[in-house]
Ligand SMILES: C[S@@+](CC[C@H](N)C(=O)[O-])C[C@H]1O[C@@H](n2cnc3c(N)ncnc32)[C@H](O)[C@@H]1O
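Below you'll find only one chain, the form predicted on its own, shown as structure tokens.
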């Protein structure tokens, strides 16, 4: 079930999901609720899921077993390593939901959404691929939106405030999200990749 990342840009996810209609990527899946929910709803989609905390990986493995899911592969290390190892243009959709906000200002450089990471993400996304970023931390929401908008490969799809204020119809709420630990109501930014 582990994503077999080896060399830079060498892994074509279709080798793990030969009959998949699309390949999706979720970075930082927490307790796995979103991954397992999407996998159950979309058995024709292959999902690569990354989480560094072993407790989250264990929870998702239990959900995979309980639901008999066969369309999920896991990466239990830094997601940036997996993204670097993926073939260019191989991902149809990516989810980055409530990533660690690294609250202290001196730690903001550790936040996932940085220009170099967006370069790597843009490389693996298919043209017109979709990326969803969600957070409930105001400083991260502002910073992430600024970085996505500054990157030439990403186009924000919002046309009105409700587009980022309301959860998208296909969103599956996570356990973390129900705790309301952030300083704002969740925001959901959807981007198209060119």
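Quick caveat: nothing in here was measured; it's all calculated off a predicted structure. Residue numbers count along the first chain shown, from 1.
This next part talks about the form predicted together with the ligand, which is not shown.
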| query | Heavy atoms within 4.5 Å of the ligand in the predicted complex: which of the stretches 123-131, 64-72, 45-53, 160-168 has them? | reply | 45-53
| Applying a 4.5 Å heavy atom distance criterion, does residue 14 contact the ligand in the predicted complex? | no
| message | residue 79 versus the ligand, in the predicted complex: is there a non-hydrogen atom within 4.5 Å? | response | yes
| task | Give a yes or no for residue 29: in the predicted complex, does one of its heavy atoms lie within 4.5 Å of a heavy atom belonging to the ligand? | result | yes
| query | If you check in the predicted complex, is residue 113 within 4.5 Å of the ligand, heavy atoms only? | reply | no
| remark: If we test each of 83, 118, 97, 91 for a heavy atom within 4.5 Å of the ligand in the predicted complex, the one that passes is 97
